[in-house]
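In the block that follows, a single chain appears as structure tokens, in the form predicted alone.
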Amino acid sequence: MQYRTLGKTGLEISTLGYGASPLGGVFRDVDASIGIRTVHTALDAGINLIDCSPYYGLTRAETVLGKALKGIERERYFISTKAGRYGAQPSDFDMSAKRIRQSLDESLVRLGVDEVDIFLLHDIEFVDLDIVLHEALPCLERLKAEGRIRAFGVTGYPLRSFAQVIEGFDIDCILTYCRYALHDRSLERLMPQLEARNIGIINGSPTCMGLLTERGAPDWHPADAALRECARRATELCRERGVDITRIALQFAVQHPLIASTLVGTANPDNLLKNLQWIDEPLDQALATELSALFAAQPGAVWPSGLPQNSDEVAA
């Protein structure tokens, strides 16, 4: 396992991180004992970043993760969790300082730890960014000064929201998803600003929430029909070359030097071990370039997310 420093935090995190949302049954019902075994497999393989949220499974993921971490030496892992999103509806977002503090207290109990290493505002594009900049982030800054968290930042999908936040506040890191992958490399536009401010990058969903897999995108996926068809052709191309598209998608994401960690989410220990094997193998650069070109010719790789004023207007 390789490790990279997460921006100015000083945290040396594994280039492959564990996304714990499947522990909450987000994608399918998961037996808790198998989920716990998956967490232990990750730790034994050298993964030291585990990302979670109270939103995942409506606190179930954090609860199962806390059981998995019981008895594990605290220095073996960094915990990243979130506040601000607690359900799927607009009314389920609350980024007030009072709720953030309450959320941290609740997460600490569920996780069974005394402090959170990375504390993130969850999906900032769904709320007024004035609240994020003038109430929520100052609250996180105070929590860091109090020693209750070690680093803080924001998560989301639109690059516009990230750009506004990093211009307006000195954050430690961002967690983005689906914005640096074979189908969409638009996060590269923001990387110079992030690097200049020494803001760490955690990249989620290198398979674009299942789009870049043999199984294909689930019904709820926001990709339009044209993007789904492009992904189908990309998957078929990989199949013709004897390569699993998930393998090359993961290898492609992990190899970028400015991305400290790429998250993979699974509650299957065998799948996790396969991911670990893949990142130790060389990337077929020619095939990755061919796939990126295939998607580059396809408009509509970016979809709306959040409030209209926070969403990206055009595809990258």
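Throughout, we count residues from 1 along the sequence that is shown. Just so we're clear, the structure is a prediction, and the values are computed from it rather than from any experiment.
The next section is about a form of this same protein that is not shown, the form predicted together with nicotinamide-adenine-dinucleotide.
A heavy atom within 4.5 Å of nicotinamide-adenine-dinucleotide in the predicted bound form is found for one listed residue only; from 169, 177, 93, 77, this is 177. Here the chain stands by itself, but in the predicted bound form one stretch of 100 to 108, 224 to 232, 145 to 153, 117 to 125, 117 to 125, has heavy atoms within 4.5 Å of nicotinamide-adenine-dinucleotide. When contacts are judged by a 4.5 Å heavy atom cut-off, residue 265 counts as touching nicotinamide-adenine-dinucleotide in the predicted bound form. In the predicted bound form, nicotinamide-adenine-dinucleotide stays beyond 4.5 Å of every heavy atom belonging to residue 112. Using a 4.5 angstroms threshold between heavy atoms, residue 275 counts as touching nicotinamide-adenine-dinucleotide in the predicted bound form.
In the predicted bound form, nicotinamide-adenine-dinucleotide sits beyond 4.5 Å of every heavy atom of residue 190. Heavy atoms closer than or equal to 4.5 Å to nicotinamide-adenine-dinucleotide in the predicted bound form belong, across 43 to 65, to the residues 51, 56, ordered by sequence position.
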